[in-house]
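Given next, in structure tokens, is a single chain: the form predicted on its own.
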Amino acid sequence: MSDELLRALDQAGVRLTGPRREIAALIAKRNGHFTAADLIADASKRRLGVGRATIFRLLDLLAEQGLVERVDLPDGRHAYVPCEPSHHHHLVCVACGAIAEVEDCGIDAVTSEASRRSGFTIESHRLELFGRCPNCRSAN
């Protein structure tokens, strides 16, 4: 995953500095969603000397490239998930943080109908569904 992130950034003309490489490696080691605070804590534990601003800037760059996507969690926090740069939606486990990507799932028909009824031209949309993954359901 780290190599994929770095390769995509390189192809986008982004300089691959040491701190960016280190942050990409931290992202690659995470399972499920993560917050900027998670990356800051990881960098601090490993004494990487990577600043908060560098982490936030890289997350913005990765989001612009479609390599991570911001997820708004039910508690109001923001998290990120590594993604393929294609349109999809997320299922998020509220217990363990696992993420599953889902394709259209019928939302395109809903947005088309909303556009037709309202007269709006819909330029983008995002759908995040929160619940418990099969592993967490069976653990209860």
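All values reported here derive from a predicted model rather than from experimental measurement. Each residue number is its position in the shown sequence, starting from 1.
Keep in mind that the form predicted in complex with another copy of the chain is not shown, yet the notes after this line are about it.
Novice: Only one of 29, 70, 52, 88 has a non-hydrogen atom within 4.5 angstroms of another copy of the chain in the predicted complex; which is it?
Specialist: None of the others qualify; the residue that does is 70.
Novice: Of the listed stretches (61-69, 101-109, 36-44, 79-87), which one has a non-hydrogen atom within 4.5 Å of another copy of the chain in the predicted complex?
Specialist: Only one stretch passes the 4.5 Å heavy-atom test: 101-109.
Novice: May I ask you to state whether residue 15 is within 4.5 Å of another copy of the chain in the predicted complex, using heavy atom distances?
Specialist: Result no; residue 15 lies far from another copy of the chain in the predicted complex.
Novice: Using a 4.5 angstroms cut-off on non-hydrogen atoms, would residue 125 count as touching another copy of the chain in the predicted complex?
Specialist: Close contact exists here: in the predicted complex, residue 125 approaches another copy of the chain to within 4.5 Å, heavy atoms only.
Novice: I'd like to check something about residue 21: if you look in the predicted complex, is any of its heavy atoms closer than or equal to 4.5 Å to a heavy atom of another copy of the chain?
Specialist: No, residue 21 is distant from the partner.
Novice: Given that another copy of the chain is not shown alongside this chain, does residue 133 nevertheless sit within 4.5 Å of it in the predicted complex, heavy atom to heavy atom?
Specialist: Within the cut-off, so yes.
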